[in-house]
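Take a look at this single chain, the form predicted alone, given in structure tokens.
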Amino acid sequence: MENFVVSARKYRPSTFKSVVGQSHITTTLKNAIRNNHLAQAFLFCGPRGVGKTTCARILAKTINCQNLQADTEPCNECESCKSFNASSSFNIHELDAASNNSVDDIRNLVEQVRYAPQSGKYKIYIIDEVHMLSNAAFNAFLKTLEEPPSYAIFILATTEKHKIIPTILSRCQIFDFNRIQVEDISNHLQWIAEKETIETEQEALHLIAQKADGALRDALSIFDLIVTFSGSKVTYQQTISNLHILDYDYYFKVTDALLQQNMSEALLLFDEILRQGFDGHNFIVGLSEHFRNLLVCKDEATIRLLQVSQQIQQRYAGQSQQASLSFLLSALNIASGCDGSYKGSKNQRLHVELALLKMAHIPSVINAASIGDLNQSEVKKKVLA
């Protein structure tokens, strides 16, 4: 039986052009290699799963490639590239600072730096989770980082830049990695699904991308989980079932009931949601997000802020036409207040139900206010007449 390889490893980018959602980083690095403007030390920082260590490895592989391509990508055919791909390169050293964070560990690293590479132009040292180094270890590293031999390049990676001392930061060329956009993650998952001959629904991939919160590695882990659960077809229903996410459909139904002032329907829907094992707090937070999305759909200029599939976007656009701006703002205010005071409530179910009842009365309050304004305008007309 063949060993299963997780997608995050199987489809790990091996060239700059295959890195997802970090074009500002890859373009700068390729230009530095092409123009021979390589810094002596790089600091890659950003949230988890966005490609820091991957870019560090690609950079290390590319600068030692003996037959660099015209687009500044490694050839994957020379001796250096082959040894890197086989994880047997003597010129690239990786250190995990989380488990090697003492002064002695840094001294050993400094000793290694003294020896020039036997083959190739550079020796590259990749230090992952560099913020885990102790202050003493950072200080022991300062001199080497500032004046390394001409053949040594350091690439530091961290998720917590604020924990790195300023004297280290000042010696590095800093690259800030972005969270990867939902659309980019969704497209990448679609590409992997096609490679693996897996049928997918666009709504399911968008949901996985949203759940990943900008981390491609998280998205790939969730994707593997769903594929294991569902087999060769990834559907929206299977995804929400496996991830225990409340379906969009419930929020549309609750909003319809509120707009129609159908209090009993809104309460029954909330009861159904609770019986499925969902938390009342998560529901009210999701309902707030739903109202926010409806507000976004009110203007064509802001509809691009809606990070959902095209089909769901059309549903939002349709319901936003039925809901007035006054209703959405008032409902959002009530939902926000419920969210803020939920944890302090003794009867949390009643707390959410009261919020729903208030929202259901918003249309009648708006109508009463508009009639009052109309009466006042008529009185003014008569007085003026």
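No experiment lies behind these values; they were computed from the predicted model shown. Note that residue numbering begins at 1 and tracks the sequence as displayed.
The next section is about a form of this same protein that is not shown, the form predicted in complex with a small molecule.
In the model of the complex, residue 188 touching the small molecule (heavy atom, 4.5 Å): Close contact exists here: in the model of the complex, residue 188 approaches the small molecule to within 4.5 Å, heavy atoms only.
Is residue 50 close enough to touch the small molecule in the model of the complex, meaning at least one heavy atom pair within 4.5 Å? Within the cut-off, so yes.
Might residue 19 be said to contact the small molecule in the model of the complex, defining contact as any heavy atom within 4.5 Å? Yes, residue 19 lies within 4.5 Å of the small molecule in the model of the complex.
Consider residue 159 of the chain shown here, and say whether it contacts the small molecule in the model of the complex, taking contact as heavy atoms within 4.5 Å. The answer is yes: residue 159 has a heavy atom within 4.5 Å of the small molecule.
Please identify the residue among 207, 153, 220, 257 with any heavy atom within 4.5 Å of the small molecule in the model of the complex. Going through each option in turn, the one that passes is 220.
Could you check which residue among 265, 129, 105, 73 gets a heavy atom within 4.5 Å of the small molecule in the model of the complex? Looking at the other structure, the residue within range turns out to be 129.
Within 4.5 angstroms, counting heavy atoms, which one of the listed stretches 40-48, 342-350, 62-70, 328-336 is next to the small molecule in the model of the complex? After filtering at 4.5 Å, what remains is 40-48.
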